[in-house]
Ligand SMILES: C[S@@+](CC[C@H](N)C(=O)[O-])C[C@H]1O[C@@H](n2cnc3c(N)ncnc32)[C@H](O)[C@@H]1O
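First comes one chain, alone, set out as structure tokens in the form predicted on its own.
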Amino acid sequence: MAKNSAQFDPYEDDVFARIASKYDHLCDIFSLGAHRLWKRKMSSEIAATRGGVILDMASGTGDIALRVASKLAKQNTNTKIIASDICPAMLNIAETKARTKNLAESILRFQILDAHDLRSIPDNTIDIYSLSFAMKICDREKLIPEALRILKPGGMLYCLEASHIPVKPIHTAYMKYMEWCIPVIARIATGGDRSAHDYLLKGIHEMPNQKAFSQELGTYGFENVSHKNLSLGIIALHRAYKPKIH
């Protein structure tokens, strides 16, 4: 079983640093703006889930973390959000966006972290672990156990990721469309930077479907795993809990 669906290594290819300034615009183009709806759904659920410390892993330009922080800022809460990424250029943009939105440092802080190696975070210290559109480019064999380790007993994992439309003919047609449109759009938008679309296409193709990914989370020790299909199943929002006694 392939553990890194896109076979992407951020230490060998700094594609996210190269496209950081264009990343938000590319997300709008690739998803026709739908990523905003998907992220709004995820951030609303996270904000409604009680937790003292939220770790938003692979935050990129901060869309999830900033949305959650904006919601929590309106509440009387002591929740802390850590927005983290392995790419400083992406996280710098997230910090700039946070300042523009006047989000308090008392709620939100930023930290360079590698999802595969979180040795700087002690066991059983995170209430909510969130990850959006990065599972397909990460080594799940390393990431998932690390997420489980740092979560408190009863803590919750949220994962928003590309998935499979349950109706096979529709999914096949959708993938054919993606195979055509993503390279064309990416070449125009990035000036021919193939990495910007190669990892995305491969990751979408090889990422397990909703049921298989749910089962995989269970094999690593998560329980009460569930998912919700968004946009017919193009995207799935998975939720999973660390057992209360672990």
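Start at 1 and count along the sequence shown; that's the residue number. All figures in this text were calculated on a predicted structure; none of them were measured in a lab.
Absent from the display: the form predicted in complex with this ligand. The rest refers to it.
Checking 120-128, 163-171, 137-145, 150-158 against this ligand in the model of the complex, the stretch whose residues place heavy atoms within 4.5 Å of it is 137-145. Interface membership of residue 10, defined by any non-hydrogen atom within 4.5 Å of this ligand in the model of the complex, is confirmed. Though the partner is left out of this view, residue 59 does reach within 4.5 Å of this ligand in the model of the complex, counting heavy atoms only. In the model of the complex, residue 116 approaches this ligand with a heavy atom inside 4.5 Å. This ligand is not shown here, and in the model of the complex it never comes within 4.5 Å of any heavy atom of residue 93.
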